[in-house]
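In the block that follows, a single chain appears as structure tokens, in the form predicted on its own.
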């Protein structure tokens, strides 16, 4: 299991467009990818699950990756968060 934390910089948080991009990025991997924020968790591969978290600017998101390609997923998702969120 791999994990990292990221504080959301986007002024709108994780709204529809970046949520869609995140789901698309997470879907490239076999590993289970979970987002934890403010005591709630959601599957990063499901758009409604990500949107239900209602992540705002300044929220700290813990990304938990578990599976066969977790190392590659960790690297790619860290870069995705830094570039898009």
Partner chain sequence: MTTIQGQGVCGGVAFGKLKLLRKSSGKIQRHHIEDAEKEWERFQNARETASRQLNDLYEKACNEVGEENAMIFDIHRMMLEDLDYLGSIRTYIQEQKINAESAVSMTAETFSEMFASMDNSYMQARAADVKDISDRIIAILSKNEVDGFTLNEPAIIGAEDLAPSETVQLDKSKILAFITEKGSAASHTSILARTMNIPAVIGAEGIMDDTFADTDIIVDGFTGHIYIDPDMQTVLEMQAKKQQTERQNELLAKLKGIKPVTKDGQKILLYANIGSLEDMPAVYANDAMGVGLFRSEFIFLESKTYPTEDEQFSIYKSALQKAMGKRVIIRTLDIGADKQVDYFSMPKEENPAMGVRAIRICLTRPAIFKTQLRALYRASIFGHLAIMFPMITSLSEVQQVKELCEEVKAELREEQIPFRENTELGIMIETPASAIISDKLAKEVDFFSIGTNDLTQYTLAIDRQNPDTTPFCDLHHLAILRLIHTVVENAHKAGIWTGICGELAGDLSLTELFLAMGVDELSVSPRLILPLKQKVLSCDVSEIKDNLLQKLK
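Fair warning: this is a prediction, and the values are worked out from it, not measured in the lab. Residue numbers count along the first chain shown, from 1.
The same protein also has a form predicted in complex with the partner chain, omitted here; what follows describes it.
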> So, in the predicted complex, is residue 67 in contact with the partner chain at a 4.5 angstroms heavy atom limit?
Replying inline: no
>> Given that the partner chain is not shown alongside this chain, does residue 23 nevertheless sit within 4.5 Å of it in the predicted complex, heavy atom to heavy atom?
In response: yes
>> Against the partner chain in the predicted complex, would residue 77 count as a contact residue? Criterion: heavy atoms within 4.5 Å.
In response: no
> Is residue 38 close to the partner chain in the predicted complex, meaning a heavy atom pair under 4.5 Å apart or at it?
Replying inline: no
> Judged by heavy atom distances of 4.5 Å or less, which residues of 19-58 approach the partner chain in the predicted complex?
Replying inline: 20, 21, 23, 24, 46, 47, 48, 49, 51, 52, 54, 56
